[in-house]
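Below you'll find only one chain, the form predicted alone, shown as structure tokens.
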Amino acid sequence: MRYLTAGESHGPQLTMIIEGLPSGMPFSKEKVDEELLRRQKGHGRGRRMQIESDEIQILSGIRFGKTTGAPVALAIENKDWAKWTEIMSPEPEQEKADKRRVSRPRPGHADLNGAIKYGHRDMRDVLERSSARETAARVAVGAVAKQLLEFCGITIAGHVVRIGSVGTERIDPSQWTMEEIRATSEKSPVRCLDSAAEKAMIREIDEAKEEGDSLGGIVEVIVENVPVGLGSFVHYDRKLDARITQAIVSINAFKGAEVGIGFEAGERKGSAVHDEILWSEERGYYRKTNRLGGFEGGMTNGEPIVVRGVMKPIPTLYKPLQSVDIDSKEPFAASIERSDNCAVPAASVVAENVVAWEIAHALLETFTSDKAADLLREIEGRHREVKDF
């Protein structure tokens, strides 16, 4: 299974093509639109979220509420496009050399590196595609993957564990169900499970905004009821934990990822890191703890997948950092594009969906997947095998 996205921040639309979905999978447009709406929420979002109200158009691959096995094509309209038709026109005669041209690269963005790589003297040709607007397309794709996971009995949830200096303790899995995590995070404007930390996060976001500054943070994604053996130990590029962490770091502004206790494992002795193996007639093989976040040897071990990602503060600041004009080579305050001052709550939703895609991709790679019914039978068989092995 694979996908491609196309489109710019101020172009007419975002386009997604998904290839490899099994036929007969139930498909809901409303569930995709719901994920897109979740991405637009969160304390700290900017004015763009008041302009766009995202929903998908289904262009192919879906008939009577089910996948056909053909490529699924989706589109999301950019409503702001009406104000940018001349500036973003594909027609050569529409080019206006100085209209909204960007010659001052913003520190922390792709502007300068991308302009050098592709030879653009107007860095708008870089920032339009490198914009986080593209994450709307990735959420839509991930929302389709989520429907495949739901069909296969796999649940996923995400929440925010840190914004700026305010963090929360690791949650005790025995104290939370997936439904409770999802419901609690949905009610929180910062998607935090701790009400005291939530209030402190909101204060810190507001203070940063008043100062013209921005904040980053850490998000966590949990996936339950994943069959044993997704991924493989036989080659580096088939290790599923590696694919998931790559997907997390590929989200705009993310700079790191960890699985389970992650970097904390470097501070502990081995006996306080590795998860002991147990067996019961009811569950088959399982682990006493889940410090390794559901993975051993690059493969799922049946425990919940737990992955975290760290997002740097958004580099578009209303108190701009110094930059250099590529025409005059003189120092200037970097250009300001409309932006959030904290997008960590929204990034939590993006992280959920990119992880969902990687799990769905691994499912279809591991099990027979031309037809949804065959896929489900094979997954159920793997769950039985764990008890009988």
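In this text, residue numbers run from 1 along the sequence as written. Predicted model only: the values in this text are computed from it and were never measured.
The next section is about a form of this same protein that is not shown, the form predicted together with a further copy of the same chain.
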remark   = Which of 195 to 203, 103 to 111, 150 to 158, 178 to 186 lies within 4.5 Å of a further copy of the same chain in the predicted bound form, heavy atoms considered? The stretch 103 to 111
key: Partner proximity in the predicted bound form: Ile171 to a further copy of the same chain, non-hydrogen atom cutoff 4.5 Å   = no
query = Is there a heavy atom of Lys117 no more than 4.5 Å from a heavy atom of a further copy of the same chain in the predicted bound form?
reply = yes
query = Does any heavy atom of Ala70 come within 4.5 Å of a heavy atom of a further copy of the same chain in the predicted bound form?
reply = yes
ask   = Does any heavy atom of Glu224 come within 4.5 Å of a heavy atom of a further copy of the same chain in the predicted bound form?
value = no
ask   = Listed by sequence position, which residues of 115 to 130 have a non-hydrogen atom within 4.5 angstroms of a further copy of the same chain in the predicted bound form?
value = Ala115, Ile116, Lys117, Tyr118, Gly119, His120, Arg121, Asp122, Arg124, Asp125, Val126, Arg129, Ser130
